[in-house]
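Presented as C-alpha cells, the chain that follows is alone, the form predicted alone.
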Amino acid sequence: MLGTNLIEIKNFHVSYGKKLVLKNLSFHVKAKECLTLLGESGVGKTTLLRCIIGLKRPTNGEIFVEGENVVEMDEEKLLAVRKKVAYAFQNGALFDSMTVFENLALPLTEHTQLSFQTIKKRVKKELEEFDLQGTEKLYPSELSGGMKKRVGIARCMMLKPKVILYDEPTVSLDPYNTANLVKTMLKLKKKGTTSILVTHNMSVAMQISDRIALLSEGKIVAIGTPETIEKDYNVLLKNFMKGIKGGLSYEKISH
C-alpha cells in the first residue's frame, strides 16, 4: 500500500539563459513508490534530480520533501535533506583513492558518532545486502562498471535514506550487469525505499516503476502506471521510443 506524498513538485520551471528547459512541472511521489521519468537527452531530467537535493535552484517553482520547501533552504538545512534523499550518480561517483570499504564508511564517519567497530559491521552488512562480499579491499579501478554502480548505491544507503534518486543507473551496462542492478533496485523497493528513476531503458522502467511520466519538450505529456502508459498512450509511447537514440525494448530482464 503506497503512503502519503513524500515529494511534491509544484509549478516547476528551469531556464538556462533564455532557454526554458523544464516548463511548469507539477507531480508528486508517494512514500514507497517508484516514479520513473522518461525523456530524450537534454530534456532536463537530471537537472530536476539535482534540484530536489538543492545542488541546483529552479528558476521558479517549489519542491517539497516531507512538507518542507527545499527551494527556500540554506546549505545547513539542505544537509539534513541530503541525508534522507540520496543521489545515485550515473558512474557511481566513488572516490578512486579509497577502497570499497572506505567509500562505504565515509558517510558514517562524516555524519555520525558511531565507533569504528559499528561502522565495520554496518559496511559488512551492506555489502552482503548488495552481493558485494569480498570487495572491501578493492579500489574502484578494480571493479566492473556494474559493480561500481552497485557500490555507489550501497554507499547511498549507508545513512538509511527514505528516498533514492537514480540517475540513468543502467547506462553503458551489458544485460548481465543491468539484470544485477535491477535486482538491487527491486530489493530496495521491497524494503520500502521511495525512489525517482531517470532512465532511457523501457524494460527497466516497466519492471521497477509504480508510475511512469513521459517528458517531452520540457513538459509531462503522460503519466500513469506502466500498464496505463503501455495501453492508453501506445501511439505516443511508440513515437517517444523512436525519438530516443538506439530505441527502447520491452524485453523482460530475468531476476
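Throughout, we count residues from 1 along the sequence that is shown. Treat the numbers as computed from the prediction; the structure is a model and nothing was measured.
In what follows, reference is made to the form predicted in complex with a small molecule, a form of this protein that is not presented.
Of the candidate stretches 39-47, 202-210, 59-67, 223-231, only 39-47 contains residues with a heavy atom within 4.5 Å of the small molecule in the predicted complex. Residue contact with the small molecule in the predicted complex: E136 places no heavy atom within 4.5 Å of it. Contact annotation for E168: at least one heavy atom lies within 4.5 Å of the small molecule in the predicted complex. The small molecule is not drawn, but in the predicted complex it has no heavy atom within 4.5 Å of T112. The small molecule in the predicted complex comes within 4.5 Å of no heavy atom belonging to L25.
Interface residue among S172, S144, Q90, T118 relative to the small molecule in the predicted complex, by the heavy atom within 4.5 Å criterion: Q90.
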